[in-house]
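Take a look at this single chain, the form predicted on its own, given in structure tokens.
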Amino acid sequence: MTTSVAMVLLILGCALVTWIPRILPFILVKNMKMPKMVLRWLAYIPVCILSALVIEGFFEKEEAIVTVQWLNIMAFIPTLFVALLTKSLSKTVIAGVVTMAGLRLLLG
């Protein structure tokens, strides 16, 4: 595979298009003093995003039926305890991976 100038420009353009929406909000609000109500509301966004990602994994749609993924829920519970007790992302991820691996080994 050869690399052409057009391909390099395309990659740079894609990087720029990806970078601008991530950086632009920081630049725009960098010097703004935001009301406390907005800051309090913004504090909930990471929790909401994480909850949406985690809870989405509890269910799987099979044609017209939604099924519960019990294996994911069983792995979630000890992982949640590790997260609450340690407040460490790396320990939480390791606990989740080990728990899911153990459950898949035992339950298939």
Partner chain sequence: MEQIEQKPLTPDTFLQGIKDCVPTLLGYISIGLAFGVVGIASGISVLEVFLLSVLVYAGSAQFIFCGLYLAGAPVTAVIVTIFIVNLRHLLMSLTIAPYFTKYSTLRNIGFGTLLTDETFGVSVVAAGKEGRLGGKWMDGLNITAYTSWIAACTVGGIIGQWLPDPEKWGLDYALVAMFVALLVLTLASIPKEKLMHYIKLIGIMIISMYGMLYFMPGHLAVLLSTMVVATIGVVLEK
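Under this definition, the rigid core comprises the largest set of C-alpha atoms superposing within 1.5 Å between the forms. Note that the coordinates shown come from a computational prediction; the quantities given were computed from them, not determined experimentally. Numbering follows the first chain given and starts at 1.
The next section is about a form of this same protein that is not shown, the form predicted together with its partner chain.
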Verify the contact flag for Gln69: yes if a non-hydrogen atom of it lies within 4.5 Å of a non-hydrogen atom of its partner chain in the predicted bound form, no if not. no
Suppose contact means any heavy atom within 4.5 Å; which members of 70-89 contact its partner chain in the predicted bound form? Asn72, Ala75, Phe76, Thr79, Leu80, Ala83, Leu84, Lys87, Ser88, Leu89
Could you check, with the core superposed, whether the Cα atom of Ala15 shifts 2 Å or more between this form and the one not shown? yes
Leu85 to Arg40, Cα distance in the predicted bound form relative to here: closer or farther, by 3 Å or more? farther
With a shift of at least 3 angstroms, figure out whether the C-alpha spacing between Arg40 and Leu84 grows or shrinks in the predicted bound form: closer or farther? farther
